[in-house]
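Next comes just one chain, in structure tokens: the form predicted alone.
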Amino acid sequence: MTLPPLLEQSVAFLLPYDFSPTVLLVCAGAALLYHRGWRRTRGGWGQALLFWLGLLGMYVVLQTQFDYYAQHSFFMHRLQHLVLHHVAPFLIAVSAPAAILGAGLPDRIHRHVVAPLRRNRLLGHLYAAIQEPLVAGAIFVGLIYFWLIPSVHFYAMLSVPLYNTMNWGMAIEGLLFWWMIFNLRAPGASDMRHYGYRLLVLFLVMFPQIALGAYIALSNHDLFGIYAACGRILPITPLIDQAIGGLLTWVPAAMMSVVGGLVLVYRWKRQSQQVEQPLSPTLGCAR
């Protein structure tokens, strides 16, 4: 039985371009833990939807034919990193999945792996250092700049280990950054002032991304010749490809700070209302 051409193309697109057992195991493991934990804790549907969309986004850009396009088109590469570093980690972090994932862990793993890691002082100090909001923001932006240095980008796209390191690094750092933004128990989140601190960090990380995106989009020469060397898959000129990639670095990436800021303001307002609930005065009559 032959499939209709459109369905056949859709199925072909969903097949991995370069199969990675690591990506499959990580995504499948996270999905299994979340499903087990969600059933045990009876989590909310909206929370679950955000998590599944984030996890699915990461899988799609890494383990479908999307990855092939990302290796042969600069703007598709930037779209891939927009999902890995911004959109998918944002969705996962804002869904607050820690309690659900923890509930999905087998007791033995929680007792013998997770608990000792939490008690490790060295790891605790290291985590606190990299999750300090200004430090986390600097790493978040610095990683974007580093992988877009033309010479670094050239070798990263040619080397499979370096390419995988780049993608994994963007995904992990994205998760750490957005987790710091939305996790109320993160280092530096001892009271409600942390909302303002994190809003400041979201504001500050916008401008380096805008500057970098504008420089790439408005450049009048090809900065990333590796795509010409590997063969461009889409019928557009190098400068158009580069301009679209620069715009993706410029506008949507920066707008994620605005969306994150709106979420923080909403949560700040809600927490303030909970803390400052007025007591109903009891009126008495003097006799």
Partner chain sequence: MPRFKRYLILCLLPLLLGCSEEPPGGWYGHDITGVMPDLEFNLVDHRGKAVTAEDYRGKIKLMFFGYTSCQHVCPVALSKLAAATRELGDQADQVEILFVAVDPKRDKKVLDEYVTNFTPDLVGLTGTQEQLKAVAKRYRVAFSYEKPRDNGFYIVNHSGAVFAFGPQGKTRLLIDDQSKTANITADLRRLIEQSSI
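From a predicted model like this one, the values you see are computed outputs, not experimental measurements. Numbering follows the first chain given and starts at 1.
Not pictured, yet referred to below: the form predicted in complex with the partner chain.
Of the options Y163, Y195, Y127, F182, which one has a non-hydrogen atom that comes within 4.5 Å of the partner chain in the predicted complex?
Residue within 4.5 Å of the partner: Y163.
Pick from L53, A229, M255, L218: which has a non-hydrogen atom within 4.5 Å of the partner chain in the predicted complex?
Among L53, A229, M255, L218, a heavy atom within 4.5 Å of the partner chain in the predicted complex occurs only for A229.
Mind checking whether each of Y155, L158 and P235 has a heavy atom within 4.5 Å of the partner chain in the predicted complex?
All three within 4.5 Å in the predicted complex.
At the 4.5 Å heavy atom threshold, is Y68 in contact with the partner chain in the predicted complex?
Result yes; Y68 sits at the interface with the partner chain in the predicted complex.
How about Y17 - does it come within 4.5 Å of the partner chain in the predicted complex, if we only consider non-hydrogen atoms?
Yes.
Given a 4.5 Å cut-off on heavy atoms, tell me which of 173-181, 207-215, 68-76, 102-110 is the interface stretch with the partner chain in the predicted complex.
Looking at the other structure, the answer is 68-76.
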